[in-house]
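Have a look below at one chain only, the form predicted on its own, in structure tokens format.
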């Protein structure tokens, strides 16, 4: 067995362990609801043990892939996103031993599973680094960013738990609408996984030539029916679906098509869940947060951000600008990825200002934490998949 094969198997073990641990944490929460401390403790010990096994396998994946590639596995969407899931779980493990909150595991682990499943839809083949990434700054810049985003995601999980408890789902309100919108957005990730798997199993492929933003001719292979066409596209595959819309050169139509099918599949899955359970997804989860300590969730939310924000500042701005100066002879160039990193930083800076200066705690703080995670995911998904830029290789 090669190191690459071993790393894939270890990632699969981690995924299965996190999946099992999610249900076991559910047992711990159920024990808490029934007021049986011994049952809660027993389930909690089992759940965190399984999570630790999964995290060990996840670390094993990371280092065996590092050995197989010869560089830190942080150079493309598959590697970065799996590392993101790993840091999210690592942050949760630390918090669990500090606060003993099984309900946090019920939220964090499913999100980590979605992130890893999302990553698995991207090419995972081991390949040499492109020249632009053959530097130690790859590990320095990207590792600090992924650690920071994993910690910041913990704040969103605590914020989501807070909102699930305090938002009244029996009354029509903006809070109820936006809370369910969060649930819908998570289901869209499932839609991406299902759509990618479905078209992969059918063996769908369609090749096109197009003109990129540098006015050079390039080629693209669609893995899903091309709803959106690349700039000045020409079909190379017989009987290929004709794109409904031609996009400008700055937009990657192939990835935009992936987003379209993901939204379509995700929407169908969302409404199937609604029909089966006859309630909103937030309503399905609400009984599990009945006994949540709101003050504790607010504290976790805040502490995660005051730890994650300076690390994000270091990795996404300072280290990024140093590397940009070395690679492109300028600190800042308004590349889409750079812009959204700045937007993310400004948002969390505003969060700290509003929390410390204006007293925005509790529900307001929870909403801000969830919005911050939405910005991170927009940067990861939309900016990487749709908008072409200097970071498109990632």
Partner chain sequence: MENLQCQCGHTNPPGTKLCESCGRSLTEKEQNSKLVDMRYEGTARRSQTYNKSIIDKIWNFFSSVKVGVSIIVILLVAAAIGTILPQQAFVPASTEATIKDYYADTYGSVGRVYHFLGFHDLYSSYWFIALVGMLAISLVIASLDRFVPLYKSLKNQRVLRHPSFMDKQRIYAEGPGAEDTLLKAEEKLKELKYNVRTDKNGLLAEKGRFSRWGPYVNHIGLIIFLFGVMLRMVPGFYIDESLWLREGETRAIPEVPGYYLESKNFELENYTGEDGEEVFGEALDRVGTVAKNYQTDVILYQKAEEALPGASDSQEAVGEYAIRVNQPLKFDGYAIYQMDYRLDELKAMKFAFTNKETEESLGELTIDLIDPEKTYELESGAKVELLGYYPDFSGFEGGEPQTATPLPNNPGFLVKLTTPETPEGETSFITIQNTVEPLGENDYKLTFQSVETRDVSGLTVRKDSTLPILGLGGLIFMIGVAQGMYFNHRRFWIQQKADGTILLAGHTNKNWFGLKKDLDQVVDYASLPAYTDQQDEIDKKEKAEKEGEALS
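Residue numbers count along the first chain shown, from 1. All values derive from a computational prediction rather than experimental measurement.
The same protein has a further form, the form predicted together with its partner chain, not shown here; the description that follows concerns it.
Although the partner is absent here, residue 185 sits far enough away that none of its heavy atoms falls within 4.5 Å of its partner chain in the predicted complex.
A residue is said to contact a partner when one of its heavy atoms sits within 4.5 Å of a partner heavy atom; residue 331 meets this definition for its partner chain in the predicted complex. In the predicted complex, residue 310 approaches its partner chain with a heavy atom inside 4.5 Å. Interface residue remark: residue 63 is not counted as part of the site for its partner chain in the predicted complex, having no heavy atom within 4.5 Å.
Among 170, 173, 221, 134, the residue placing a heavy atom within 4.5 Å of its partner chain in the predicted complex is 134. Only one of 306, 139, 241, 245 comes within 4.5 Å of its partner chain in the predicted complex through a heavy atom, and that residue is 306. Taking the partner from elsewhere, every residue among 125, 128 and 323 has a non-hydrogen atom within 4.5 angstroms of its partner chain in the predicted complex. Checking 55-63, 22-30, 336-344, 42-50 against its partner chain in the predicted complex, the stretch whose residues place heavy atoms within 4.5 Å of it is 336-344.
Residues of 350-366 placing a heavy atom within 4.5 Å of its partner chain in the predicted complex, in sequence order: 350, 352, 353, 354, 356, 357, 358.
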